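Same protein, same chain, two forms; see structure 1 and structure 2 below, as structure tokens.
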Structure 1
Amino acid sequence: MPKWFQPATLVCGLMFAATPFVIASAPYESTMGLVQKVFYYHMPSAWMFLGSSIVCGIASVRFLASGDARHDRTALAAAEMAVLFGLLTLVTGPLWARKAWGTWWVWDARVTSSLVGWMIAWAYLILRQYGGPGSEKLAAGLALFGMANVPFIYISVNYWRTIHPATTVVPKLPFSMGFPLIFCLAAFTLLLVLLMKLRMRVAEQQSRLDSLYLSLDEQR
């Protein structure tokens, strides 16, 4: 049994429990109806998206400064996670917005910043995929710029009037709604950590395989 099997089972259990049990048992919100429940997916994904973007930025800076390939593997895994969770955020967001604000898409500060951030994460992966040899350095430069850009994007987009619910509503939620939210946050966090670990393992094995391949070539 591989050593990641137990954590993987745990995370799967938590994730599978989330929808049918925890979220289903949360109270039915009268004005929003069933759609409100997408929030239990939306907010955790958004947080994971933000978290993995930050990890990608920091790892990229460390890679640029030290040239250590380990940081590069972390950054790559985090960028893939950012694209994944960013996609979840951007799909679930409009579902919620349609009911809450009456339109699928609003040019709200956080929505727009997320979209731009998600595009940068995707550009990072595109660059690594199609940039050819040496593109990991370039991608790290892009990630650094993307990270430094966050305040600028946020401030500039903020001037377009914000209608997003402030994060302060969360502690005010009744326990019956707060518990499923925290449960989902925890489950998503564990999912992110697990996926990151697995992805980094793949990258590490790839680089080990590369060096084995090279040393084989040596002995010929």
Structure 2
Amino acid sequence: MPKWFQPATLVCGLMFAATPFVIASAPYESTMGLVQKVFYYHMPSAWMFLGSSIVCGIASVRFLASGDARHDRTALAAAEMAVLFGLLTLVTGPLWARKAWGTWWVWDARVTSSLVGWMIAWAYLILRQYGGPGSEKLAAGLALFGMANVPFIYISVNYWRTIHPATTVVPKLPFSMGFPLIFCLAAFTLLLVLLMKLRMRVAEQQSRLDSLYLSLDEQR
């Protein structure tokens, strides 16, 4: 692992230890009260979910164009991160919605498209695991659909009726709410980078181990 990995891991741990205190310093939202503070975990999780889907798609394009296994490992790691952060998004969202809007789930444009994006990430991993020879290229093609779905998820609240606020709300947050959001977003971004790097390292070691097994089989 690179030299920066351990210090970055320490910083990430300290940031997540501090997030409850940073969030507690934010004022209550006037209509939702305490439950609104789920937002400071829900929103960063959603952004990491969408970001991972984009990274997976871009890495898949580069893999299809070059055949470089490094891009394939990046796409695989990003797909796993999309599943992880997508799960956090889909769990924290209903927890917030039930208290704030009186319902766990509605099939509106953003919620439905987010679920579809999460299912695409799962389909990518399942195809990689059980698709057999050549499945990595088929999965790479599937990742493009996941990436194409990201802009739709983001702008859907601006064009369809939904319980989610429009994308213009976050930039207008006061500093007392904006700073905790930025802090949590930085913590989640650092966590994503660390997990991605760790997963890519594991995939690289697995590839080397497979190569050693193949070379031993050839020598027998």
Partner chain sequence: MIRAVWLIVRKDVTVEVRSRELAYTTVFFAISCVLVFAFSLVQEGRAAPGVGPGVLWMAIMFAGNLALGRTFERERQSETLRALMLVPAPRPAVYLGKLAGIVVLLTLTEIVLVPLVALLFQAELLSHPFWLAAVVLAGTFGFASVGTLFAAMLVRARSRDVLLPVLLYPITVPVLIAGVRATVAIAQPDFDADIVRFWFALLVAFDVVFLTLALWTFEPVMTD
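Rigid core: the largest C-alpha set superposing within 1.5 Å between the two forms. These figures come from a predicted structure and were not determined experimentally. Residues are numbered by position in structure 1's sequence, first residue being 1.
The chain as displayed in structure 1 is taken from the form predicted together with the partner chain. Shown in the overlay between structure 1 and structure 2, fitted on the rigid core, is a CA shift at L10 of 2 Å or greater.
Shown is the Cα shift of T19 between structure 1 and structure 2 after rigid core superposition, which amounts to 4.1 Å.
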